[in-house]
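Shown next as structure tokens: one chain only, the form predicted on its own.
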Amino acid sequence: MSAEPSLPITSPAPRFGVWLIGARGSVATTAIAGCAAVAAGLHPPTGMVTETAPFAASHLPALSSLVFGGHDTVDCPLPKRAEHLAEGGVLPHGLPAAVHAELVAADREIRPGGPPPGDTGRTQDEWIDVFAADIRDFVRRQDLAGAVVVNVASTEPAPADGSLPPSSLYAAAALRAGCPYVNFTPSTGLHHPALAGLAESFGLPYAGRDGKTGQTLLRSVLGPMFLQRALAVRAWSGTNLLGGGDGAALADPAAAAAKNAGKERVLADTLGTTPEGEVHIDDVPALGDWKTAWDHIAFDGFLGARMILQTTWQGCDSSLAAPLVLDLARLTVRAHQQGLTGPLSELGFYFKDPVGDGPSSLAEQYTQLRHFAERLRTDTPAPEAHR
């Protein structure tokens, strides 16, 4: 009697962790719910650059392979947070119920953040150890092939002394846990002098900082336009009206100053000079997760003709940021798989104040990003192909 032919043994597809700092915030909740919705085919991947044709063969981890967890100092469960966002029009009606299981699973992997203000119970190094242990336990518990840490927490003021602010504690913990790090905020993170060279010493890639989602995105397009058409910009002023957690955080003048530094740097880099004018940020709680950004640009034309360009950008910050967070997680995981280390300047397309050396014009940054996609394509494929 002949033996039955044996079926080939297949290994389970690898999964990759996305550990979010500020995991119960609006951006994180939108990213987690959106990833589940797109992976299930409930919604198209609008706003995700990594889902466009140039990235189709870059061997990025599948959206369905991403597993979420993180740190946060608040205790509102993700399903409840998603319901609030749906009530505010940030998430589609019915989506929180459709991806409830994924939200619950991610919420189980969120650990308490810190340190609380004025805490003296642990040293900074002990906090780093605690955070790093949380990340390592997440990777082991979920049997992950790797993980990336992404900071999407509210903006913090720049440190006034030599101590490490929370964002820097989380960044150091990511590296200590062996994970690449992305700073989507203007907070200090790895930019603290005490952490200089730390990422290189761990042999890990990192990217940041301060996601470019609205007003500065437009500035990185308009600035080169004025320069290339030889039009002299005399003044560039702006105003931001926003609510939600980001609005409350930026009501602190020190936090607003950290945010505005990136906006002003884009103009200086693209124009070659810093025009007159300032950016003002106003907290309007009634706006919730929606924001309005207004720019007033005074410029000179031929024979000194004085002209004005005004722009108004109205959008939902969480909806603009979430697809970029998913892009960055996938790109950074793939870069780590390929053994890349140090600052990923090729990801400057996503940031106001990108690490490493690179262009400031959005068009040039996009060209650089596409070259990066080709580099990932030509190297050894990852075990799991693009979704």
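All values derive from a computational prediction rather than experimental measurement. The numbering used is simple: start at 1 and walk along the sequence shown.
There is another form of this protein, the form predicted together with a further copy of the same chain, and it is not shown here; the text below is about that form.
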| item | value |
| --- | --- |
| In the model of the complex, the residue from Ser319, Ser58, Gln337, Ser65 that sits within 4.5 Å of a further copy of the same chain by heavy atoms | Ser319 |
| One residue of Thr73, Gln124, Gln142, Thr239 in contact with a further copy of the same chain, assessed in the model of the complex (non-hydrogen atom, 4.5 angstroms) | Thr239 |
| Contact flag, Pro79 vs a further copy of the same chain in the model of the complex, heavy atom cut 4.5 Å | no |
| Close approach of Leu95 to a further copy of the same chain in the model of the complex, 4.5 Å, heavy atom | yes |
| 4.5 angstroms heavy atom contact with a further copy of the same chain in the model of the complex for Gly342 | no |
| Any non-hydrogen atom of Gln314 within 4.5 angstroms of a further copy of the same chain in the model of the complex | yes |
| Candidate stretches 164-172, 189-197, 143-151, 271-279, one within 4.5 Å of a further copy of the same chain in the model of the complex by heavy atom | 271-279 |
| In the model of the complex, residues of 345-376 near a further copy of the same chain [heavy atom within 4.5 Å] | Phe349, Tyr350, Leu362, Ala363, Tyr366 |
